[in-house]
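There is one chain below, alone, in structure tokens, taken in the form predicted on its own.
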């Protein structure tokens, strides 16, 4: 059984940095590929800030932080990925970008290395089809923020070997997460259930059924959720949710996945949620509602 002791993460953004942190905390060496040194520095700083927060809350020590950071190496050269036994791709949700990068990486890593994608919306089967050995490709879908969210979807493409899935499930358990095996379907499991729910909430908000705050309070208190749906959209990124629903709708033509028009308007206006400082809940107290 593969134990994946040296792991490559493609991308040092929010998801890539979180995944790198989780893997490094398990005692494994991680090399993170980025397009420039500035992005590497920003990624390392974000991991450090997250770990410093844990120190302030008494959840970790400075030694813990330093050990994690020491196991993470950044690079801009694909050649530095030679020798890794697991790749986790976490770059932008654009098929052409992911496919091109995975293709380049596949020529550098060993033949037995497993390649995975953290995509939440694209077809793993489609990405695998472009690789020289599609049977070693699978999905490894972490949730944001990766260090805190317990579940990881292990996604089987049509081509994926059974032993690859077995090894990935064991790996996810070993890094302290809970694996869920799913088939390669639009949205996989969690987002396949989540997307229609969030779309309905956005439409009801746009129809002025209730204010953003009242919708969130009602869901939190009425259903016992930790976070209201509109606050969740701000956290996920309104553009990210719109892209995911568009991809699911294009793949299925199922109207439950069709994004409400308000999402496109908010993205056009630059109201992307927490990352832009304006969304359904973020930035609305002083500036009025998002619409």
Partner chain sequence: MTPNQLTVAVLGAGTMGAGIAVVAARAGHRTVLRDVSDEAVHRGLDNAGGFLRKSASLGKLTPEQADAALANLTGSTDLSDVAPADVVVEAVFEDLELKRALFAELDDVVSRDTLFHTNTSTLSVTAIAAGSRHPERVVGTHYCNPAQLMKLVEVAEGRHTASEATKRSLEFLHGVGKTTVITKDRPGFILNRFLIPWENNCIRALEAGLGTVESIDRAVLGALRHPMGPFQLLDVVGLDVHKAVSMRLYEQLREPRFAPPPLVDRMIAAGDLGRKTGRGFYTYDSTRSFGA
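Residue numbers count along the first chain shown, from 1. Source: prediction; values computed, not measured.
What comes next is about the form predicted in complex with its partner chain, which does not appear here.
Only one listed stretch (78-86, 132-140, 149-157, 113-121) carries heavy atoms within 4.5 Å of its partner chain in the model of the complex, and that stretch is 149-157. Residues 189, 200 and 215 are all found to lie within 4.5 Å of its partner chain in the model of the complex, as judged by heavy atom distances.
Residue 209 belongs to the set of residues with a heavy atom inside 4.5 Å of its partner chain in the model of the complex. Using a 4.5 angstroms threshold between heavy atoms, residue 58 stays clear of its partner chain in the model of the complex.
For residue 101, no non-hydrogen atom is located within 4.5 Å of its partner chain in the model of the complex, even though that partner is not displayed. For the chain shown alone, residue 222 is a contact residue for its partner chain in the model of the complex, at least one non-hydrogen atom being within 4.5 angstroms. This chain appears without its partner; in the model of the complex, the one residue of 204, 161, 174, 126 with a heavy atom within 4.5 Å of its partner chain is 204.
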